[in-house]
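Okay, so here's just one chain, in structure tokens, the form predicted alone.
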């Protein structure tokens, strides 16, 4: 039971004022701008855009500033704002094969067509604090430039499929569900599951992905390929009747290669797990691809033994905005509920004491 409570308006107004003061911080320090956040805290902005399901760097940066750096709160703010916007239509599916690649690595082949592109990544740093960043030490030297490659970059999973070693995903002409317009329904098809995970909480998916490697999902994956770069977005305005390029979005794509023992109808082969997230966020893309493969266990006739293989467990709980609301609502007044529980417990204890001839 939920009971409306009204009161304490002045206390709430004071709390808002105190929050604004804390957000601003020391007034002697220059205030950080949303533009600075967008440019210098880019990975945090990318994560907020993904979990807020709104690809707007400026708005995501503003949400981070307003939320004092709390990524979950910022995602909540961004998603709430997005829900006020009109819907003009749907773009065409992204063709990640046309990506302007900034990073592309594979753990399955050292030398592959198009080469390895290390790109901007922490993978090759020493994880030592750079104390020079604590002060104003000028601009870093410009990164070296090279001519853009012209050699095609075929997908590793496509190369394996040509040998008949990779299970082919079946294409479907069915209209995919839209999670932003309809709630979760089970059984959830793969398109719906991928939507839910794309805007799901990175930490939750990371933990589930990790669990599949620790024996809770019978997974021995290989990173077939990770790509990050800009992909053109096409939209067909009704008044034109043909597709036009309306801009580019940066995305991270991961295709994980997993073993599959086969069955009476299917020979042993590799299967894939897939992850695609906005911005540069390969940790989440990798975790998403691990969980995607785990969720395909039933489809592939594998035994269901782990949480990551349970679609209802994964998809109901991966949304950090919904999870936050459900957990944090416990802070709201539950005075009537608690008094009811209190009286019930007192009565039970009184009967318990009476049965033993004791004084309650």
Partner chain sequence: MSILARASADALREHLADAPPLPAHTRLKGPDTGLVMLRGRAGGDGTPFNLMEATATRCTVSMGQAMGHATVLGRDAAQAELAAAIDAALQLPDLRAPLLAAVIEPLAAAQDAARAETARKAEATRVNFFTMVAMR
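Positions refer to the first chain, counted from 1. All values reported here derive from a predicted model rather than from experimental measurement.
There is another form of this protein, the form predicted together with the partner chain, and it is not shown here; the text below is about that form.
This chain is drawn without the partner chain; in the predicted bound form, the residue among 135, 183, 187, 144 with a heavy atom within 4.5 Å of it is 144. In terms of contact with the partner chain in the predicted bound form, the residue from 77, 198, 160, 286 that brings a heavy atom within 4.5 Å is 198.
Checking 56-64, 35-43, 307-315, 321-329 against the partner chain in the predicted bound form, the stretch whose residues place heavy atoms within 4.5 Å of it is 56-64. Taking the partner from elsewhere, residue 50 is found to have a heavy atom lying within 4.5 Å of the partner chain in the predicted bound form. At a distance threshold of 4.5 angstroms between non-hydrogen atoms, residue 207 is out of contact with the partner chain in the predicted bound form. Put simply, residue 249 is close to the partner chain in the predicted bound form: some heavy atom of it is within 4.5 Å. By the criterion of a heavy atom within 4.5 Å, residue 85 is counted among the residues contacting the partner chain in the predicted bound form.
Proximity to the partner chain in the predicted bound form holds for all of 169, 176 and 274, with the criterion being a heavy atom within 4.5 Å.
Contact residues in stretch 222-246 (any heavy atom within 4.5 Å of the partner chain, taken in the predicted bound form) are 232, 233, 235, 237, 239, 240, 244, 245, 246.
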